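Listed next as structure tokens is one chain, alone, in the form predicted alone.
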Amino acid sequence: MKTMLNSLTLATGIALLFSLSGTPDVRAAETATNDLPLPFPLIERFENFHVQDGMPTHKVHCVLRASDDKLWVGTYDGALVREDGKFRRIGVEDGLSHKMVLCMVEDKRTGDMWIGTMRGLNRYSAGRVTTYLQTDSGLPNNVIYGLGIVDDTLWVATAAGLGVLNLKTGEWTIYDHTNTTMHEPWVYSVAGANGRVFVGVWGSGILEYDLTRKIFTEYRDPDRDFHFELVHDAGPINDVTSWVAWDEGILWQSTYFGMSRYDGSRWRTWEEKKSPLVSNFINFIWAHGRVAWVGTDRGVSVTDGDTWVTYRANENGEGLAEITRPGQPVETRTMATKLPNDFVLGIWADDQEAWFATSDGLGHANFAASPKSAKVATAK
């Protein structure tokens, strides 16, 4: 009888403890988790631009905010400049070498805009367009995938190698499979600063060029397997590099098989279904500080390597923000707006806003002052 009473007393005590403190503590923990600050801004609302809003075409390849605050947009049908809320188009009739604009970079010292197209390189300066073609300059190929400016040099990623233009002397240098370790001359992307240039190459991983020593260092996928990552966190995730981005000592590599990060001493790699990465098919990475904005075929993610937020549409067409914090369940927030399209081709972002080039329109993100503005549903 005494044992039974003791058991009842213990059970009653446990029930009372849970009724007084158990449930509120769980709810408080969930609320506290949802309110934890993120290491980057959270998007509260998207504002999108389509043909009916003044865009000449639905397909947008790249976007760039210039130092004078003008927004430059590269489309399937020319370059756009947005100022005072209106788009002004620059096309072949204005001297552009081809209507399809693939990439852009600003020379911040002069304000000149360099524009890469499917047929040639263009410099837009003081309202005039100067064209550079393979046949009349040192350009290795007319198909321009990426552009970068480091000090006094313009680096041009093309379908037949890397072209480097000295902006002071006008002298060209070409790097390809004949004078570097790249196995294929298809150069997709280039990024650099402070005496270093990183080059993303199809089938050859990443090349780093030291401007002082004038030598290349090669970074390759350690397992050399195009389809699977056999060695995790050991180097670039794949030799097929679709884009490279670099800022504050952090190098980011995107591929069609996942994503990599290198801080000078340690590599980290991510694949879909094995990490918060929404898709292995990555078109573009934009680095801002120690954070990367990742454009995929299924939406856009922002991450510092540990915390992730992915913006995409669900099967019902609703906008979602999926937040992944280390050691926490995924938090899904329904949004009133969404990206113009989940196939993201280009990104520009800072601490105040972000712009997205997609296969069906241009997107503008307004950042939230507080993460409490969206509906919350913890994913199971």
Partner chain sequence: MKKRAFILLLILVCFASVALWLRQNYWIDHMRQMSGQKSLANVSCFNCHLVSTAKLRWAQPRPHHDAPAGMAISPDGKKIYIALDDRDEVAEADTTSRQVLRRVKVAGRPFGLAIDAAGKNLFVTCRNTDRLAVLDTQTLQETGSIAVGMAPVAVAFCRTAAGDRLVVANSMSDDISVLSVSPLQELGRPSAGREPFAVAITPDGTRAFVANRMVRLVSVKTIPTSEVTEIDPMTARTVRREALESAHQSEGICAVPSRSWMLTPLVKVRNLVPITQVANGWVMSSGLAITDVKSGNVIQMPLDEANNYFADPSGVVVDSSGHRAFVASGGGDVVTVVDLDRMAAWLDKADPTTKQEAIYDMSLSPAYVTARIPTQRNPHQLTLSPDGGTLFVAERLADSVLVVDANNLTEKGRIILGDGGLNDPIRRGERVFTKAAYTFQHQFSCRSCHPDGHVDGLSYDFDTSGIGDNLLDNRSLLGVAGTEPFKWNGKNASLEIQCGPRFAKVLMRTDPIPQKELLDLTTFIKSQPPQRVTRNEDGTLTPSQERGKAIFFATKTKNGTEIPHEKRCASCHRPPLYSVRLSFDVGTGGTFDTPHLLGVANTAPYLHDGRALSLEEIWTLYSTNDSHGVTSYMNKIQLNDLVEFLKTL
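Positions refer to the first chain, counted from 1. Quick caveat: nothing in here was measured; it's all calculated off a predicted structure.
A second form of this protein, the form predicted together with the partner chain, is not displayed here; the remarks below concern that form.
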Look at the stretches 100 to 108, 185 to 193, 266 to 274, 215 to 223 and give the one with heavy atoms within 4.5 Å of the partner chain in the predicted bound form.
100 to 108
Residues 52, 77 and 91 are flagged as a possible site; in the predicted bound form, is every one of them within 4.5 Å of the partner chain by some non-hydrogen atom?
no
Residue within 4.5 Å of the partner chain in the predicted bound form by heavy atom, from 120, 258, 140, 235, is 140
What is the one choice in 210, 248, 136, 83 with a heavy atom within 4.5 Å of the partner chain in the predicted bound form?
136
Close approach of residue 307 to the partner chain in the predicted bound form, 4.5 Å, heavy atom:
no
Tell me, yes or no, whether residue 95 is in contact with the partner chain in the predicted bound form, where a contact means a heavy atom of each within 4.5 Å.
no
Is there a non-hydrogen atom of residue 67 within 4.5 angstroms of a non-hydrogen atom of the partner chain in the predicted bound form?
yes
Would residue 174 count as touching the partner chain in the predicted bound form under a 4.5 Å heavy atom rule?
yes
Across 267 to 289, the residues having a non-hydrogen atom within 4.5 Å of the partner chain in the predicted bound form turn out to be none
